[in-house]
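As a starting point, one isolated chain is supplied in structure tokens, in the form predicted on its own.
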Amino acid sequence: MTELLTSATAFAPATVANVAVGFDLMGFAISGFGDTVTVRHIDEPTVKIDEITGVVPDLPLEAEKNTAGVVLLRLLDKGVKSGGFALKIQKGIPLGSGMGGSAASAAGALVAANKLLKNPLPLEELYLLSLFGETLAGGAPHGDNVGPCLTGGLLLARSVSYPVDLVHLPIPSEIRAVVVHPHICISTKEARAILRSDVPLKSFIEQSGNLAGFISACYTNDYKMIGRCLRDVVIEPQRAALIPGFADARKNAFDSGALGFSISGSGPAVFALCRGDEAATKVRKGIVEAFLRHSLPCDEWSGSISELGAYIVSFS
């Protein structure tokens, strides 16, 4: 009989959610930074957080108040193992950045814990469990961060319940993403709280057309269509005021050749999609310059959308 593992470490990538036209539905993974979570078996039927380090070391250590802890509590509720889990979280994604930090901790914890199970759960079950972390962080379940964090790539997370629909979208080969994080913090709950509960019919129709057109363009490699459709007429106008310098950054992005530009998740990070490396470099520089004029230093990244979701780094 194969001896069960006692410890596993997983890396979960940062993500861009909404992708302008897919509020709470669409997101993509980015390479290079994320959260690393180590989970080990303990005999007590509970979840303990031993340590949180990295760029956000002062998060709650109580499992029920932490996105990584709460999803593991839900995992234990399913009766999948005897005993419990202890975990260490190394944060690589800043708090309140709009780059899926809450989702990465939850997804990393679940992927690592799943490695320790005698009968590992399928991806769909991990996705549904991860939504409990998003509800804790943002007040509502939404799959646009945890979905691509688990699977990688550009993902349409159509559902947050059974049946689970996670739709991988093709990425045109020349698409490059730019992500710029100005150094302010925006609470996901606060950013959701300012949103109106109703949408004008005209805006609903326009946004629906933009989402459908964007998805169609991904399948047909129509870069011009991507540029015409990657426009958020519902959420971005309500949240833009939370980000100093947003209008200038948007103008610089389009002046530098961006196909589209908008807020990453609830912000303050912003993203742009570009055609080719040269355009991405110019757009990245333009966005950063705009925020610097508003006395906002930034973290910045550009490259291809990552096809790699959360994965096991080591185990024993």
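What you see is a predicted model; the values in this text were computed from it and never measured. For every residue, the number given is its place in the sequence shown, counted from 1.
This next part talks about the form predicted in complex with a small molecule, which is not shown.
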Practice problem: Look up in the predicted bound form whether Asp24 has a non-hydrogen atom within 4.5 angstroms of the small molecule, and give yes or no. | Solution: yes
Quiz item: Does the small molecule come within 4.5 Å of any heavy atom of Gly34 in the predicted bound form?
Solution: no
Quiz item: Using 4.5 Å between non-hydrogen atoms, is Gly265 touching the small molecule in the predicted bound form?
Solution: yes
Quiz item: Is there a heavy atom of Arg176 lying 4.5 Å or less from a heavy atom of the small molecule in the predicted bound form?
Solution: no
Quiz item: the small molecule isn't shown here, but in the predicted bound form, which of 198-206, 143-151, 109-117, 69-77 has heavy atoms within 4.5 Å of it?
Solution: 143-151
Quiz item: Of Lys88, Arg192, Arg158, Lys81, which residue is found within 4.5 angstroms of the small molecule in the predicted bound form when only non-hydrogen atoms are counted?
Solution: Arg192
